[in-house]
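Given next, in structure tokens, is a single chain: the form predicted alone.
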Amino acid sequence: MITIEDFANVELKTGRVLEAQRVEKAKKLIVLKVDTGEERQIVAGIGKAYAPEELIGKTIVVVTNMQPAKLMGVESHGMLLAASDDEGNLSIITPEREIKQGSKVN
């Protein structure tokens, strides 16, 4: 269990996917260039559920205050939010209405 203070430390913002491509030699990884008010690169394990071209232009929710991490040698500066069920279906979390990129998610 985490406290409300712990959760309050997580910075969530909206971001528009500008570019997306598969990470070479990785079945699940896609590298995204995302505008969250600033451009950032995010690596996500969503390649079995999404083709890179269907992600371009989508507004997603991103954790923006994570320490950078390397996945298959590619640096990631954030994490996108997605839901998955027991059958392995995956869905990226997106706002239901248009909203400015970099908007805080509360």
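The first residue of the sequence shown is number 1, and the count goes up from there. Since the structure is predicted, the reported quantities are computational estimates derived from the model, not experimental observations.
In what follows, reference is made to the form predicted in complex with another copy of the chain, a form of this protein that is not presented.
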At the 4.5 Å heavy atom threshold, is residue 58 in contact with another copy of the chain in the predicted bound form? yes
Using heavy atoms and a 4.5 Å limit, would one call residue 23 a contact residue for another copy of the chain in the predicted bound form? no
Would residue 18 sit within 4.5 Å of another copy of the chain in the predicted bound form, counting heavy atoms only? no
Distance check, residue 80 to another copy of the chain in the predicted bound form, heavy atom within 4.5 Å: yes
Triplet 63, 100 and 104 all within 4.5 Å of another copy of the chain in the predicted bound form via a heavy atom: yes
Scan 82-106 and write down, in order along the chain, each residue with a heavy atom lying within 4.5 Å of another copy of the chain in the predicted bound form. 82, 83, 84, 85, 86, 87, 89, 90, 91, 92, 93, 94, 95, 96, 97, 99, 100, 103, 104, 105, 106
